[in-house]
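Only one chain is shown below, in structure tokens, and it's the form predicted alone.
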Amino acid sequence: MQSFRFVVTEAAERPKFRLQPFTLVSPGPGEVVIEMEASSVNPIDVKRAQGYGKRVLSTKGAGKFPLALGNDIVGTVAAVGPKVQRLKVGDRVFGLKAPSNSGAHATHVIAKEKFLRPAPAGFSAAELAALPYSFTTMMLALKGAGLDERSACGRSVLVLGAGGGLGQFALQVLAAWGAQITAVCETTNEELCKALGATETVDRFKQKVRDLPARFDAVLNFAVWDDDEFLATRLRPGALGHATTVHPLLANFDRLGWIGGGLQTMKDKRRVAAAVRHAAPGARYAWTVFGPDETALNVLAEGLAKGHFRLPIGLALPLADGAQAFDHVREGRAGRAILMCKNNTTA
């Protein structure tokens, strides 16, 4: 089976890419081969292409170049390994692949059955490819802040970066759970955030984050690490918690090495955790780290079956033109960047 990967050849501010042929190995126990239709380019892919997280991710087999990135999977099962129970050849699926150096930006990938779900009708491959990584990261952040369907009802939640992919998902989920949401976003996203369920919006260009009241039951920071310590002070006594996806964990190790990075990470996390405890004794504080999560995928699949959860697509390009998709994300252009992975090209 001739297969191709879209790889970063070496880490750089403006990385070099190439389409690399490879021979697909047989799937192991609980694994399937997916003939890919589409995968997304997420901001983390752009950062990893520049070398971000290489020190830590290399310990997980996810930092060696040439590096095929991508976590989102949409495609058809082409082969199954031993002990696969739910899926069969020909099933159309979507889901996730854990970080590795052989990611989902490829014509074929091997993935674990437990992180795949049947692809719902009514969604294109590009629409589905935009969802799993971002949705899962968002759900892990909600969990870290102590938010679930029961605890969120009636609670006041502050969401920074509400106009981004994680923020848009958080608004939809929290609104369905009955939360009262204050969304901090750009001027151009205020109406979108209201439509997705925000109770009120704060234009970050017109109102400073530091002017926000200290009245929230939970804080989700999808925006800027530098705001994190102050955001902790916006929790009220009795609050649930505060979670951030923009922490400096990987950057600390990149910059300072194993010992220095570990010490700095402990210092950073303890400092903000202390601010959380001071504002709301007993509240949680969490740094969200992505990993495939079955519960999050189940929630996503249930929502998709009802026609929920879409993110706007900015462009969809053939795998061979992936450099343009990386530029789209790196330059902060609107909409998600999707790679169409059908094997219709040559190396």
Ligand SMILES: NC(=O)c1ccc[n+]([C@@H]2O[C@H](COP(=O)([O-])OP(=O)(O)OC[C@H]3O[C@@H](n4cnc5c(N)ncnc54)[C@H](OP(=O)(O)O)[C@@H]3O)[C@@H](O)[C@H]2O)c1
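The model shown is predicted, which means the values in this text are computed figures rather than measured ones. Numbering starts at 1 and runs along the sequence shown.
This protein has a second form, the form predicted together with this ligand, left out of what is shown; the following refers to that one.
Shown alone here, residue 153 lies farther than 4.5 Å from this ligand in the predicted bound form, counting heavy atoms only. At the 4.5 Å threshold, heavy atoms of residue 222 reach this ligand in the predicted bound form.
Remark: residue 43 counts among the residues lining this ligand in the predicted bound form, judged by a heavy atom distance of 4.5 Å or less. Using a 4.5 Å cutoff between non-hydrogen atoms, residue 163 counts as a contact of this ligand in the predicted bound form. You can rule out all but one of 31 to 39, 56 to 64, 313 to 321, 287 to 295: in the predicted bound form, only 287 to 295 has residues with a heavy atom within 4.5 Å of this ligand.
This chain appears without its partner; in the predicted bound form, the one residue of 201, 252, 189, 100 with a heavy atom within 4.5 Å of this ligand is 189. Here is the short version: of 112, 108, 117, 247, the single residue with a heavy atom within 4.5 Å of this ligand in the predicted bound form is 247. Contact annotation for 171 to 188: residues with any non-hydrogen atom within 4.5 angstroms of this ligand in the predicted bound form are 184, 185, 186, listed in sequence order.
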